[in-house]
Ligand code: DAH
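Quick setup: one chain, the form predicted on its own, written in structure tokens, and binding and motion questions come after.
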């Protein structure tokens, strides 16, 4: 065992001194101290030693381990100093040049789309209403027919605010998971009839990948008044789809559950790429889901102080980022937030 430890010390001391970059040193560090590193695995063999051998090997092992850690750190500092010396001789030429390509700024693709959608619904008589991003559980869940400990809360991966220093009960403050909090606030104020919309950001505890993000846009409308029906919902759906996807676009409704609407529907759009024949974009179905909607649940009217026998309403919401990905063939939703110039200049 002593020979094994001494060999590790000798071999890795040489490797450390020969390392020419921080990346090389990181590899050496992992080979020694990583999960399956040579020094990490050695203590597992100590149980086979006699008590006397353990008394002798233990201090030797610790001394070698500390010495190698110190040697790596010293070599790190040497490599850093060498890189700083090279930077001293570098020069930046700020002379004028005529080869710089002139760039003209423009609105972000998502902002362009937001303006297009808002203009459409303003022409239909809707007005904008913005609700808080940092919201109370009351407006994000309770007044939307999602009481405390209700199983439907599992539908949203919620980011809660630490309120331990604010004197607020845990779980009462959060980053809103949807834009639906805007219409529960309006209804509570008694501002009916309502023909309102919101195009803004939402937040969820999502595993970030090409199709999901913790921060995303959502567009939502709410209409509250008398004699509002599913026919109104169908008209607004087709109107929006024809505007953003072309005159050939049309929608279909499928039954779907949302706690704050009854009945609830998932809204599918006829695939604009294959015109319903089936392609890879729509997974061969000829349709793809773009929105969730429905008639506002009677319980929501009760919870916000409205009379469900006098009021009816509809709610309609979709993810603009997903629509833009389909419309422009964008493969990764993260492009919308990363500020990559190549992506921004393309649109």
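Quick caveat, the model's predicted, so the values are computed rather than measured. Positions refer to the first chain, counted from 1.
Keep in mind the form predicted in complex with 3,4-dihydroxyphenylalanine is missing from the figure; the text below concerns it.
Heavy atoms within 4.5 Å of 3,4-dihydroxyphenylalanine in the predicted bound form are found in exactly one of 270-278, 242-250, 172-180, 127-135, that being 172-180.
The partner is absent here; in the predicted bound form, the one residue of 113, 199, 258, 121 having a heavy atom within 4.5 Å of 3,4-dihydroxyphenylalanine is 258.
Only one of 218, 237, 213, 184 comes within 4.5 Å of 3,4-dihydroxyphenylalanine in the predicted bound form through a heavy atom, and that residue is 218.
Proximity of residue 160 to 3,4-dihydroxyphenylalanine in the predicted bound form falls outside the 4.5 Å heavy atom cutoff.
3,4-dihydroxyphenylalanine in the predicted bound form comes within 4.5 Å of a heavy atom belonging to residue 315. Residue contact with 3,4-dihydroxyphenylalanine in the predicted bound form: residue 153 places no heavy atom within 4.5 Å of it. Contact annotation for residue 292: at least one heavy atom lies within 4.5 Å of 3,4-dihydroxyphenylalanine in the predicted bound form. Along 1-33, not one residue places a heavy atom within 4.5 Å of 3,4-dihydroxyphenylalanine in the predicted bound form.
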